[in-house]
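In the block that follows, a single chain appears as structure tokens, in the form predicted on its own.
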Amino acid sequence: MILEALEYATIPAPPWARRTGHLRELIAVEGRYRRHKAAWRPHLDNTKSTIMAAITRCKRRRTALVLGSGALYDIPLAPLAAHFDRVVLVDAAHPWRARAAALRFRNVAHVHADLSGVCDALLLGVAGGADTPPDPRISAIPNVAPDQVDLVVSANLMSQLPLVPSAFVARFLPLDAAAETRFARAILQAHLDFMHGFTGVTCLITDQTRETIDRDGETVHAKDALFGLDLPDPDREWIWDIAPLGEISRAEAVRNRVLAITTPAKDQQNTPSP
């Protein structure tokens, strides 16, 4: 707890990331990683290998954009920096570990961005008395030309995007279950639309289902992490043991079913094979 408090006090972050709870959640993820490195390792390795495979599908390698870069536990930074002219890491905040790792590479940059597209509206609207949650509007990434981006990676981010905004809204504006689902799904759809706005290869890695399991490994509860949003068939799927026994409960653990979808660059889609 002392380490997490120190990180919260010292990590550079925009004011909105502190006020909405994004920075606190990012630091909490680091704490969970430190407690469960071994359980998380297969998931992190699968994520890295998926991104590595996506790199090979890029005919041009000008800019790689990594959405949800976090502490870089699941990001193969060195290969990205070696294969692309420029790598842009995007998140609400960048932990010291990520900042130190990026210093090794001249072509790696950090950018703060609200990838949910609702934080300003939450702080200016919902917290000020608005009676409905905002529609997500994701801004362009500063100093990134979309037509120069040859790889976009969404790394274990999408299912997390509605969580902090939904918790923030709940403090000011009671919503019924249907309204909560609509708000969450709008954020998820905006993220997909944002990714599809780029012309390069896209690599989406996300939880699809969160499962609570008992000591015998039997599923006692399953939740759709994407709030009913449909996605194409994945290229790969795997299990992430995100909360082993003892993290949340001595009797139950939580695991995520993760899927990965890599889509070719727009100029390669629907192109007949030679």
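We number the residues from 1 along the sequence you see. Predicted model, so just to flag it, every value in this text is computed and none were measured.
One more form of this protein, predicted in complex with a small molecule, exists but is not displayed; see below.
*asked:* Given a 4.5 Å cut-off on heavy atoms, tell me which of 88 to 96, 129 to 137, 193 to 201, 168 to 176 is the interface stretch with the small molecule in the predicted bound form.
replied: Single hit among the candidates: 88 to 96.
*Looking at T63, T206, T50, S69, which is the one with a non-hydrogen atom within 4.5 Å of the small molecule in the predicted bound form?*
None of the other options qualify; the answer is S69.
*Heavy atom within 4.5 Å of the small molecule in the predicted bound form: which of A121, L157, A102, V144?*
Result of the distance check: L157.
*With a 4.5 Å heavy atom cut-off, would you call D114 a contact of the small molecule in the predicted bound form?*
Looking in the predicted bound form, residue contacts with the small molecule include D114, since a heavy atom lies within 4.5 Å.
*Could you tell me if L26 has a non-hydrogen atom within 4.5 Å of the small molecule in the predicted bound form?*
It does: once the small molecule is placed as it appears in the predicted bound form, L26 has a heavy atom within 4.5 Å of it.
_Partner proximity in the predicted bound form: F84 to the small molecule, non-hydrogen atom cutoff 4.5 Å_ = Flag for F84 set to no.
*Taking heavy atoms only, is L151 within 4.5 angstroms of the small molecule in the predicted bound form?*
Heavy-atom contact with the small molecule at 4.5 Å: absent for L151.
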